[in-house]
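Only one chain is given next, in structure tokens, and it is the form predicted on its own.
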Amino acid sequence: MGLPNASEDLSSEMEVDAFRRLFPLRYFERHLAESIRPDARSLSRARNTTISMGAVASADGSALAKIGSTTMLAAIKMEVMTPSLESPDEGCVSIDFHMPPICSPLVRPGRPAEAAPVVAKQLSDTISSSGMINLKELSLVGGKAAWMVYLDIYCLDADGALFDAALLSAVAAFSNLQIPTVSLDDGKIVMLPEEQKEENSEKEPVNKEKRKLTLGGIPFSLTCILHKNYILADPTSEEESIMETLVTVVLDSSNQLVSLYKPGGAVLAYTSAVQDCIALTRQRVKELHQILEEAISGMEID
């Protein structure tokens, strides 16, 4: 008795899937008219977000961040460098963003992803302009030695809002960062493995023990889609491909505006729409700050 109903349900699902593939914009607009999205989220709701600290044991700081299916792995390595003549009392931060072919069927082997350098530049500009990192804190010996911080972010799954997830992973990795122990030996800075710290105690200490980096205004972001009169928070890759007008708002943990990024698109960003995006970002910042604090607390307990 149940077979006809099962067959009808399967047929109905196939028809919906076919309609979604053939007329994706109409499919989404039918949902938007009901103030809901195909994944059952409301228009203003972001996807579930998690942070795992210390994801890479060999790194000086690392984190795995997930927003929905979008997954980013951030890892930091520290090296001693000679500071520039222009900034003798400052260290330096270098950021690379990687999109291997495994992250999306749109990324082909042997071809760099077009989005990678764009996201890398956004990350560099955001971290610099937010004041999160005090470069003077990376100085070891004025004019002679400072820290070079290499931050590498690997996109493991590119399902929309890449910058938001990449920035979250970067912030979490810096929160997890332990600055290595170093000593001064015959005028040279020497990095010391933990197990050799006692053996090399006769050397002049520069960093007596591993220490955390003091972070300033921590930036968080939210990307929204503008489509007609609708605003969709935290879009998936499918939503981004169908409705191309994106606005990314970056606020720090004090709700100060760090940047606003709109890379073109068919819909104009009117003042009211921008204000709505900023309001949604303020709510998102509260969520992300709490998620980050819980991840840090969990790491300390472990």
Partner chain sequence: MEFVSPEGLRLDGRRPTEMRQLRAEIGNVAKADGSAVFEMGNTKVIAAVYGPREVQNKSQQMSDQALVRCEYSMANFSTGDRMRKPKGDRRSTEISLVIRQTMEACILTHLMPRSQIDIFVQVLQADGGTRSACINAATLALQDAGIPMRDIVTSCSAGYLNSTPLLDLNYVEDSAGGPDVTVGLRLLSCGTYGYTLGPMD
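Residue numbers count along the first chain shown, from 1. The structure displayed is predicted, hence computed values, not measured ones.
Although not depicted, the form predicted in complex with the partner chain is the subject of the following passage.
Undergrad: Does the partner chain get within 4.5 angstroms of any non-hydrogen atom of Tyr150 in the model of the complex?
TA: Output for Tyr150 is yes: heavy atoms within 4.5 Å of the partner chain.
Undergrad: Do Arg211 and the partner chain share at least one heavy atom pair within 4.5 Å in the model of the complex?
TA: Close contact is absent here: in the model of the complex, Arg211 is far from the partner chain, nothing within 4.5 Å, heavy atoms only.
Undergrad: Please check if Asn134 has a heavy atom lying within 4.5 Å of any heavy atom of the partner chain in the model of the complex.
TA: Residue-level check for Asn134: no, no contact with the partner chain.
Undergrad: Counting only non-hydrogen atoms and a 4.5 angstroms cut-off, does Glu79 reach the partner chain in the model of the complex?
TA: Yes, Glu79 is a contact residue.
Undergrad: I need to confirm a contact call. Of Ile242, Leu260, Ala55, Ala273, which residue comes within 4.5 Å of the partner chain in the model of the complex, counting heavy atoms only?
TA: After the contact test, the surviving option is Ala55.
Undergrad: Among Leu156, Ala120, Ile231, Leu215, which has at least one heavy atom within 4.5 Å of the partner chain in the model of the complex?
TA: By the 4.5 Å criterion, the partner-contacting residue is Leu156.
Undergrad: Is it true that Ala75, Pro101 and Ser237, all three, sit within 4.5 Å of the partner chain in the model of the complex, judged by heavy atoms?
TA: Yes, the whole trio is in contact, each within 4.5 Å by some heavy atom.
Undergrad: Looking at heavy atoms inside 4.5 Å, which stretch does the partner chain contact in the model of the complex, given the options 136-144, 164-172, 104-112, 216-224?
TA: Going through the listed ranges, the match is 104-112.
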